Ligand SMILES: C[S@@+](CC[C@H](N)C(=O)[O-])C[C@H]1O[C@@H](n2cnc3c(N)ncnc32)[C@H](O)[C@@H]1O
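Shown next as structure tokens: one chain only, the form predicted alone.
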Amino acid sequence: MADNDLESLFSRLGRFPDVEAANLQAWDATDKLLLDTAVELPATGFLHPGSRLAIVGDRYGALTLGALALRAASTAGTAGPAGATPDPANTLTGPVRVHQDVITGERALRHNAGRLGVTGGFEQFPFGAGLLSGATLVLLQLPKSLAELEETADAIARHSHPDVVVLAGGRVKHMSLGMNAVLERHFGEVQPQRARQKSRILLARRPRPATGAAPFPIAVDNTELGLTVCARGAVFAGTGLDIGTRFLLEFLPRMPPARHAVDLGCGTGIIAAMYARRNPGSRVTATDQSAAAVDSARATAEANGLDAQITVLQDDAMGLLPAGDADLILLNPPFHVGAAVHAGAGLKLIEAAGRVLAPGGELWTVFNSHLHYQPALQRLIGPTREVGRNPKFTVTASTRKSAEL
């Protein structure tokens, strides 16, 4: 399978249902470098009989669908996906096991598979033993945080085959020596590979024996909040309190009591827990697209005795909640989509809030002031007032206008 065939496959991939924009694409040079390196591995690459492949962090399916296309081309002796749709019956080593933390990534993989006519050959797993058990090769898109890499490396070392080879790839500008150090704690051999097109791979092998229980989720008592905060490695801000959430919580006494309140983009569930504790008569839903965030928020609710009051859902933009179901939504929206600063993710959540809020319900939002969300809040929700501002953030309260207005 030639390089241009793989790039042709990548060009057909979309990000749906995630944000699509001219400056955002569904693959990068690291995806191609990981696949090229995996094919070239002597005796352990995924084209070799007996190889068992697991993929962690495949954002929109480029790694999974690229691997299937390479396998199909190798088996059939054909030049690429345009000539032969990857057929799971032709794969050499069984289905590809893949984990994507965000639900939009899971759905994007399935959607892209449908576009390419791929009907099988891969299985999607939650992070853990089912994903990694017996894996001889793991392809990993390096995560942003060292904590997430720590959890990932620990799990690979615990559950994979003793002869596993890990290819951990990333954009050079986002990589650090700390990543090498994390991998070296869990593997006896870590070899940085030559960079190509501003991407680089760290090759790790010889997993060290795991000692003690798995280190995640971590639980920390936050004395400032009087709250036990639990976090998996992949969750934003870990067990800490990010500055946007801290500023929004200053206005907690001014937020109305609600029959049903939603913490949208809940992270570790701090906002949901603090609101629930202050309003014991309210039913609270904490929702996030990240599986790590959902696990963390559920653990936070349980650790603080609030699990009977708080329901935690993994969902994309409250798609599981009916229209007009919430009286109050609390939102600290993201301002990055991948590595790019982009308001699209926040706008998607604001639009969703307009659907889920009951008439007269309120959306309380904290955001970086330079993003200028007020016009969108006014248009998609209704009358919006500024309730607070500091040098970095703005907090607004928007009231859902009635349908007939």
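For every residue, the number given is its place in the sequence shown, counted from 1. Predicted, not measured: the structure shown is a model, and the values here were computed from it.
Below, we turn to the form predicted in complex with the named molecule, even though it does not appear here.
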Heavy atom within 4.5 Å of the named molecule in the model of the complex, from candidates G105, P333, P143, G121, belongs to P333
None of L137, L131, A317, V190 but one has a heavy atom within 4.5 Å of the named molecule in the model of the complex; the exception is A317
TL;DR on 182-190, 168-176, 281-289, 108-116: the one with heavy atoms within 4.5 Å of the named molecule in the model of the complex is 281-289
**Asked** If you check in the model of the complex, is K32 within 4.5 Å of the named molecule, heavy atoms only?
**Response** no
Item checked: the named molecule contact in the model of the complex: F127, any heavy atom under 4.5 Å -> no
**Message:** Although the partner isn't part of this model, could you tell me whether G265 comes within 4.5 Å of the named molecule in the model of the complex, counting any heavy atom of the residue?
**Reply:** yes
Original post:
Is T245 one of the residues lying within 4.5 Å of the named molecule in the model of the complex, judged by heavy atom distances?
Top reply: yes
